[in-house]
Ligand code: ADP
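The form predicted on its own is given below as one chain in structure tokens.
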């Protein structure tokens, strides 16, 4: 049975491909699984990323799923475990209580019998940096960015030490950018000093990719790493792996092209607007008309009839993406959880229909939307391919809804991608 060197647990599907993308670019051969596999690993790869849909579920369920993934990865011989969360450090939220990142980290530490790990969502390539423990989105503090009004997981505190300490039973400290700049030996010394102070989790500053690469060697013998995807660029070198173009090769792309967008992030709103303004065909799902099964099926049928007339000629976009005011109206009418499930189910069924129409090049925007769509398509593994934009690669999979050919699919985090993402992604496959 093949043995892997790095086993990764991601709390959502787009985050999983984000992490896998960075590992591939740094020289690892990577497979992403949708959920925890039932069988042992068959592929000869360096790393496996297990994609869970745990980002927005309650801590006890997130812990249960994460420990299940850990057990499977350990059975595949994983030498190091990587718990991956979003670069905006957001997760489950309910009332005044928020966050399952801390509880999952605590549980993984206990299961691995380790007394120290790091935490950093820094991803400079996507303008996520950490300075003095504060997370910045571009030049703006997290709590002043668009994340403060996220419909599912609002983030209004930018201080990661404070945020994580409120979630974790472990003592949380900080490794500052001043230490990081001095290199791996200084980082290791700082870790040892923090441990003598009782610190078990250290938030790590990172202002650039160079900081993440300097961090890498200091993590070589750590059983557990917790981070966004950025730290991944500094880890493969610990196993003497270097960038290799062959690690991102995919089969040739064929078939029709389509985009399904459920994210309501500012980045995705801009991408939808850019696609429409460029004169390309787009169909909006009226989310206020999904209150009954009959109404939902009517919208799905209408959207697929529209797509069938156009998809053989050009890429089409079907979207429920809306501005915050529209989202709030929907949530007030049906509730946050119910409205989210309703929209995800609609888009998932639409995706099945598009693939049946011959779509085999598919972009999906939004973490929750991506999770629902790949599950609906009965995809179990993804081969990671070339990057479209930082954090977003093309992947290749097999789906029972596309029996005659494979499926090229990209799962885009709502916050990721440049404004022309929906238009340019196809050129990467050509």
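Numbering follows the first chain given and starts at 1. Model, not experiment: these values are computed from the prediction.
Separately, the form predicted in complex with ligand ADP exists; it is not shown, and the next lines address it.
- With respect to ligand ADP in the model of the complex, the three residues 152, 330 and 413 uniformly fall within 4.5 angstroms at the level of their nearest heavy atom.
- Stretch-level contact analysis of 126-134, 225-233, 314-322, 177-185 against ligand ADP in the model of the complex, using heavy atoms and a 4.5 Å limit, identifies 314-322.
- Though the partner is left out of this view, residue 389 does not reach within 4.5 Å of ligand ADP in the model of the complex, counting heavy atoms only.
- Contact between residue 368 and ligand ADP in the model of the complex is found at the 4.5 Å heavy atom cutoff.
- The closest heavy atom approach of residue 173 to ligand ADP in the model of the complex falls outside 4.5 Å.
- Ligand ADP in the model of the complex comes within 4.5 Å of no heavy atom belonging to residue 105.
- Contact with ligand ADP in the model of the complex, judged by any heavy atom within 4.5 Å, is made by just one of 206, 202, 355, 264: 264.
- Checked against ligand ADP in the model of the complex, the residues 219, 81, 343, 258 give one hit for a heavy atom within 4.5 Å, which is 343.
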